[in-house]
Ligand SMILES: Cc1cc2nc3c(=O)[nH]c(=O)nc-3n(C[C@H](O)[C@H](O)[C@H](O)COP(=O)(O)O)c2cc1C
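First, one chain by itself: the form predicted alone, in structure tokens.
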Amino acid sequence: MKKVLIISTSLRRNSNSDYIAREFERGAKDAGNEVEFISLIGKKIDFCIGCLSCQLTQECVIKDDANEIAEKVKNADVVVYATPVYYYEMSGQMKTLIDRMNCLFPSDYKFRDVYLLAASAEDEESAMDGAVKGVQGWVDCFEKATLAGVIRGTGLTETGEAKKDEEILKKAYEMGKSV
């Protein structure tokens, strides 16, 4: 049994990336894993100020919801980020959260596998390359971790459209079941 943390970074309720993440969650639970789902809706996450105090203390000097999320990321075996793709990149709130995970760099983090679940209105999978590269850059900073899988939900133009996309939901379920 693994401890799986899913972070849905869309601020839109019933978003496409959220539906994909929920299906990943269902698969991970069906496989017998302990799964926690966090939505960034209603969370206060400020920008990193670049002071690097966290490199000495392993804590951020900014007191907001990012600290609690960072602690959960640190103690998870598997971390899953779900994001809408805006302008060929991960959402701004996801990037802000990832920047605030700098306190984990010198820590004894547990996560080994990181997954990215992305949804975009664009039909081409290449529209998500920027988001994948951004997450890969974060993962590369953690030598014990790997980007274990990516789901690219394309052509999802309407809110909640992923709920009806059996193919993408099946991929998400199966990927979740395989963690």
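Numbers for residues come from their place in the sequence shown, where the first is 1. As the structure is a computational prediction, the values presented were derived from the model and not from experiment.
The form predicted together with the named molecule is left out here; the points below concern that form.
- Note on contacts: among 73, 97, 85, 103, the single residue with a heavy atom within 4.5 Å of the named molecule in the predicted complex is 85.
- Proximity to the named molecule in the predicted complex, taken as a non-hydrogen atom within 4.5 angstroms, holds for one residue of 45, 132, 127, 31, which is 127.
- Look at 35-43, 140-148, 115-123, 54-62: in the predicted complex, residues with non-hydrogen atoms within 4.5 angstroms of the named molecule sit in 115-123.
- In the predicted complex, at least one heavy atom of residue 18 sits within 4.5 Å of a heavy atom of the named molecule.
- The named molecule is not drawn, but in the predicted complex it has no heavy atom within 4.5 Å of residue 170.
- Contact check for residue 164: no non-hydrogen atom falls within 4.5 Å of the named molecule in the predicted complex.
- In the predicted complex, the named molecule lies within 4.5 angstroms of at least one heavy atom of each of the following residues of 141-179: 156, 157, in sequence order.
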